[in-house]
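What follows is a single chain, given as structure tokens, in the form predicted on its own.
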């Protein structure tokens, strides 16, 4: 099981310096979703919201594609996307909207219990500190065999991971994605990211 919590108001305010389209995912009934907090926050950002889509199972690419097609004009006119879901939903939207910056509105925490067995292209480490806003919607913890937060290890060859040679290097994918959405400078200005394991252990 897992739980999603709203990111800090400072982080959200930074995202909403742009005009954003909002996705909210209600798919997993076992997931706590801070709907009331999200709605309260969004009510004060109406001028910065180009549209809102509420969807079940954003992790399902076919569902997500249909909602994107339904809202294509409002998505085209926004400056970025914010996704209120677990980390999987954020990554799926980033994969489908390659030319848009995609930001996580929530942090995802692990809870003891059944996790489910759905086969997905994306995975969420449930680390309690979602870094997807720094890395173009590609998770450095689940896409990098070493879980590195501040760039590649240097062992990649032909864009492939040195640990799993058949798999793309997560950090090369992150770098290329950030360039594509004109956020290549993000990696330079954010400083060193340090993972706080207390958030995972205590769920804080």
Partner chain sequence: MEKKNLSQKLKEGKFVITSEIGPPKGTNIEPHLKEAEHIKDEVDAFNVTDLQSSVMRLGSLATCRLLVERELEPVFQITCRDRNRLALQSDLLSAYVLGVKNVLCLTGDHTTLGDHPDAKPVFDLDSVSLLKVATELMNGKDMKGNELDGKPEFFLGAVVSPGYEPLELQIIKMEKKIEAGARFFQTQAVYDLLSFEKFMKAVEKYNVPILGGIVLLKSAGMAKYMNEKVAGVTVPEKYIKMMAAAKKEERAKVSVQIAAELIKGMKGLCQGIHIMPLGWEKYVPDVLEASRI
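Numbering follows the first chain given and starts at 1. What you see is a predicted model, and the numbers here were worked out from it, not measured in a lab. Rigid core here is just the name for the largest C-alpha set that superposes within 1.5 Å across the two forms.
The discussion below concerns the form predicted in complex with the partner chain, not included here.
Enquirer: Taking the partner chain as it sits in the predicted complex, is residue 156 in contact with it (heavy atom to heavy atom, 4.5 Å or less)?
Expert: Output for residue 156 is yes: heavy atoms within 4.5 Å of the partner chain.
Enquirer: Under a 4.5 Å heavy atom criterion, is residue 149 part of the interface with the partner chain in the predicted complex?
Expert: Contact check for residue 149: yes, within 4.5 Å of the partner chain in the predicted complex.
Enquirer: Even though the partner isn't displayed, in the predicted complex is residue 179 close enough to the partner chain, meaning a heavy atom within 4.5 Å?
Expert: Yes, contact at 4.5 Å.
Enquirer: Verify the contact flag for residue 195: yes if a non-hydrogen atom of it lies within 4.5 Å of a non-hydrogen atom of the partner chain in the predicted complex, no if not.
Expert: Residue 195: yes, in contact with the partner chain in the predicted complex.
Enquirer: Aligning on the core only, does the CA of residue 54 end up 2 angstroms or more away between this form and the one not shown?
Expert: Comparing the forms between this form and the one not shown, which are aligned on their rigid core, residue 54 does not shift its C-alpha by 2 Å or more.
Enquirer: Compare the position of the CA of residue 11 between this form and the one not shown after a rigid core fit and state whether the shift reaches 2 Å.
Expert: Where the cores coincide, residue 11 shows only a C-alpha shift between this form and the one not shown that is less than 2 Å.
Enquirer: Spell out whether the Cα of residue 39 moves at least 2 Å between this form and the one not shown when the two forms are superposed on their rigid core.
Expert: No, residue 39 moves less than 2 Å.
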